[in-house]
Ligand SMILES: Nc1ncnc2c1ncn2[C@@H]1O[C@H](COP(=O)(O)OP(=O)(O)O)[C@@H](O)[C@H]1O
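In the form predicted alone, a lone chain appears below as structure tokens.
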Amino acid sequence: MSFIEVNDIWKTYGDNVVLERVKTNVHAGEFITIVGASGCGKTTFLKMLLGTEYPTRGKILLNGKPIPQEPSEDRGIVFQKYSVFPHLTALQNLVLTIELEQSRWLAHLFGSAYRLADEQAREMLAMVGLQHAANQYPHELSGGMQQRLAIAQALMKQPKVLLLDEPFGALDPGIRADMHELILKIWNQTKINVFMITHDLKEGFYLGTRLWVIDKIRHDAQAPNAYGATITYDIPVGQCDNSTLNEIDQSLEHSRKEHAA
């Protein structure tokens, strides 16, 4: 049985069809990268995996069960814009994640429970290379360090699925390369399922085990919202040659022009 099953899902908002006829299966441990023109429904799909959006038609199954229509600890997410708390240090941000899980009303732990949470948070900081910045506040961290902290925060509850919504888009090339190595190290260590949206086709092929292109197959110039996007390419990275890469690149460029028109 597949770890995640996407069974003919559609997503509409009134008369606006965003996604249609999306069907696919994902096995445990796969790293899926997703590309597509702006507005094609990539983030909407990620939100359905998270549980903050749900399909208008069809189902998404996780381990054979429908994904709950709310976020839960088995799915972590990192956005391009950092989601950490600015008034807490790096260490406090991670400890708070555990405190909110174990002590929802007080949001505070004491004694041995706090010491264990502190130890877990420091281990996570070490995993993302921020052990030296435990007592620094987010505004004291560089963009790359803030994104490392956001990734650590998403991993604190040991989720089964990590969702990345263009997490490296605002970083300069050198820091971005460092983040690539970090996310690959985390994936290799944990074998967590990763779904990552990117606008960079080369980044998608470098990081993922499979690359999806989400795009519209059908177009109507008189009714641009009548048809939604679906997965038009689903390629195991090792099976992609230069001709396929050029074909995808041309398809994405055509879609960008369609959306801009």
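All values reported here derive from a predicted model rather than from experimental measurement. From 1 onward, residues are counted along the sequence shown.
A second form of this protein, the form predicted together with this ligand, is not displayed here; the remarks below concern that form.
Colleague: Tell me which stretch of 232-240, 199-207, 40-48, 66-74 has a heavy atom within 4.5 angstroms of this ligand in the predicted complex.
Modeller: Only one stretch passes the 4.5 Å heavy-atom test: 40-48.
Colleague: Does this ligand come within 4.5 Å of any heavy atom of residue 16 in the predicted complex?
Modeller: Yes, residue 16 lies within 4.5 Å of this ligand in the predicted complex.
Colleague: Would you mind checking 52-74 for residues with a heavy atom within 4.5 Å of this ligand in the predicted complex?
Modeller: Result: 53 alone.
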